[in-house]
Every structure is written in structure tokens, then in C-alpha cells.
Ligand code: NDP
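As a starting point, one isolated chain is supplied in C-alpha cells, in the form predicted on its own.
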């Protein structure tokens, strides 16, 4: 890989790179070419133990620092990330295949935002004084201990920091396991944390597959598990963590509705649907992949969508002119092609796309289906690829019921010029992260997470603090104690 500052070993433990070739080899494949550009090794039980031991040993002193001192380190890490945004964005593109045009503004920058936000928030994490006449109660916000973060492959830099920033701000330490598909970016974050002044052992990275994750999740030294991933994986991890009474945050998948009413601004609605289906080649958990379009504007919407998709620049992700890159892996491409075949066989109308693009990389055309019905596989299951399904509707009550008829509840969006209707509909949609006349914005200041099968807890914002800390309540009696005997 022509990248001068790529990670130098598989793991980052106790402040330094660590290699152990006894672990299974994990090839790192560049999605744009299919070529192997690096190789890491899965963490052996010994490696996992080293990482947990380092995090456990470092945690008391890290928690004992003043919150502002912790915050300064996180803020400095954010500054370093911004200074190196270009190199980190290139690495993200190699890791994921996402266009550099996108990674330059949405990945390392988002990671820096999280570190900066929670760095600034650290000094505000106070308790409460509760007067009870002569007596009183006070609360203290305490760290949980060692946290485990398990990342997904679509936003490896961002997810590492979305989990690490609130955890570290609260005085916890972390062992982070990236996806085996995109293992490189989190290692650079660990390196930067040390450079920013974080003590060794505060943020550690261990590679691996499911067995590595299982060892991390069930280890008695771990107090908290935060996972970004699929619903089936989330259920397994949640169950394992619950059996040990661990705290959890689960940020899982979705099949989110995007409702476009007949009075919507068509260009804005099409733009929102593009962001909610084709950004990151459709590999975003919150995507609004069930696009309910009012019958009165359906054809206008489809025509405009087809025109806009013709402007997508598909090609080399390292060329900043490219706006649509490959799928993250051949396996994911095959999964998406399988869904496209099901869409056609079950009677949906293929409006545009639907084919794999010839070449060595994992490219697929942006794909739009119309005449999709609620019972079709492409309307029920998360595809995690660039496949947009248009469903017709006419009645507000009807579309709300259909939008909610899913096990998922991550996101939802509404496009309409009638803001009273927008608020009315959003209030009834069963989703944790919603949008009005927009889609897929994720500022660190706002809570992010789902309901129903789409997850437990919230990432980002002040809400994340509740999931990475616990309250100690202290009752103070100022007078004598009365007792029955």
C-alpha cells in the first residue's frame, strides 16, 4: 500500500504496537481492486488477555485524573486527527473503499468531532445535591471500569472514536476490536491517543473475528460492551453480556422508512433519498431504504432520481472526483446481488442499475426498484448496499402503519412542506433517530440510536454519558439515628 504511515503491527496494547503471528492471518483487501494490501493476525487468547490486563491496570489512575485533564488529552487527539485528516482519510479509503471525496469530510473529521465534544464535556460531569431538610443526599458520577468496543466495517475511524470518546471522558479505559474487514484505521487512532498524552493502556486495539469478540465480551474484567453491528450479532453479544450483568450499548441495523409526501420539494426529497441509500455505497445502518412516495409524485420522483444517479462518478476511490465507490468486500457484493435478484423475481420493477460493474473491484451499479410491496424481501430485510426501494402510498394513516410494520426502529424521515404534518407523522413513527426534510445527518451533539430490534442505548451527545458511567448515591444524616430497638 503506498501509504507511508500505515500501522506497523496487528494490535496496539499498553501504548505500543504488538505482533503475534500465532493468530489466524486476516488479509486486508482493497475493495477497489480486490488486491491484498496488508495482513494482520487475529488476537490469540494471550493477546486478548494482555489487552484487558493493560486496560484494567491503567483504569484507576486514568479515572483519578481531573476530568479537565482527561478532556485536554481527548481534545489534543482531536487536533492531531484534524492535522492529519488527509492521510487518515486515505487510510480509510484503503480500508473501506469509500471515495476519498467522502472520507475527507465524513470519517476522521467525525472522529475528531467526537473526541473534541466529549473532551469539552469531561469537566462538566458533576453529581447532584439533594436537600432533605437537615439531611441531604449527594450523587457522584463514577466510571464503569474497562469497556469493550466492537466496531463495524463501514465507519472504522468514526466508530472507534464514537465509542472511545465518551468512555474515556468518564474515566473508563477501552479495548476496541475493529471489524476483521477493516482493521487498519483504529490502530492509527490508538497511536494518536498516545501521542496526545493518554497513558499506556487507556485505549487498546485487538484484531479478530467472533471468537475474539466472545472472549472480550465474557471476560470478568469487562464492565461494559458497546457494539455496532447487525441485529443477529447484537442479540448474541447482548445475551452474552447480560449473562455477566454487564452494561451494554447496542447500535444495530435497520430498514428505515423515508416518507415523501406530495407537497415535498422534489429535488430535496431526491437528495435526501440519495443520501439515505447511496452514500457510502449504501453501507449505512440508518439508511432510509424503504422510500414511501405519494402516488401523485411517484413518476416525477423516479425520473428525477434516475437523472441524478446518472451524475454519479463511479471509479477510483482515491480520485477526489469519484463520488460512488465499491462495496467493502466481495462477500457483501454477493449478498447485495442476491437481494437484487430476489427483488426482480418477486415482481419489483427495476428502474435503473442492478448489475455488477466489470473489473477487479467490488463495484455495483446504484439500483432503484419501483412498485415494491411491503411483503417483498427487499422491503423486509436489511440489504446494506446501494438498493433503493420505492413503495407507493396515498393516505397518511396508511403510510404510518406500513412504516412501523417492521422489527427495526433505527431511523425515519419525512419530506413535506407542511411542518405541522411533519411533526405529527414523526411523533408516531417508531424510530430513535428521525429527520424532517433531511436524512442521515449525525452531528455528535445529537443522540444516535434505535428502538425495537435496532438497539439499546444511545451514542453521542450528553446521553452517551449515561451509558458510560454510573451514579453513586450518598445519604448524609446530620442528626441522631432513630432505630426501633
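Numbering follows the first chain given and starts at 1. Just so it is clear, the structure is predicted and the values come from calculations on it, not from any experiment.
Form predicted together with this ligand: not shown, discussed below.
**Student:** Please identify, from 104-112, 318-326, 264-272, 203-211, the stretch that has a heavy atom within 4.5 Å of this ligand in the predicted bound form.
**Tutor:** The contacting stretch here is 203-211.
**Student:** Though this ligand is not shown, can you say which of 156, 71, 229, 366 has a heavy atom within 4.5 Å of it in the predicted bound form?
**Tutor:** None of the others qualify; the residue that does is 229.
**Student:** Of 94, 292, 301, 384, which one comes within 4.5 Å of this ligand in the predicted bound form, counting heavy atoms only?
**Tutor:** Spelling it out, the residue with a heavy atom inside the cut-off is 384.
**Student:** Please tell me whether any heavy atom belonging to residue 142 falls inside 4.5 Å of a heavy atom of this ligand, as the geometry stands in the predicted bound form.
**Tutor:** Flag for residue 142 set to no.
**Student:** Mark residue 409 yes when one of its heavy atoms lies within 4.5 Å of a heavy atom of this ligand in the predicted bound form, and no otherwise.
**Tutor:** Taking the distances in the predicted bound form, the answer for residue 409 is no, it never comes within 4.5 Å of this ligand.
**Student:** Given that the partner is absent here, does residue 254 sit within 4.5 Å of this ligand in the predicted bound form, heavy atoms only?
**Tutor:** Flag for residue 254 set to yes.
**Student:** Should residue 191 be counted as a contact of this ligand in the predicted bound form, where contact means heavy atoms within 4.5 Å?
**Tutor:** Result no; residue 191 lies far from this ligand in the predicted bound form.
**Student:** Quick one: in the predicted bound form, does every one of 14, 51 and 186 get a heavy atom within 4.5 Å of this ligand?
**Tutor:** Looking in the predicted bound form, the three residues 14, 51 and 186 all stay beyond 4.5 Å of this ligand (heavy atoms).
**Student:** Does anything in 171-197 come within 4.5 Å of this ligand in the predicted bound form by heavy atoms, and if so which residues, in order?
**Tutor:** Read in sequence order, the residues that approach this ligand (within 4.5 Å, in the predicted bound form) are 177, 178, 179, 180.
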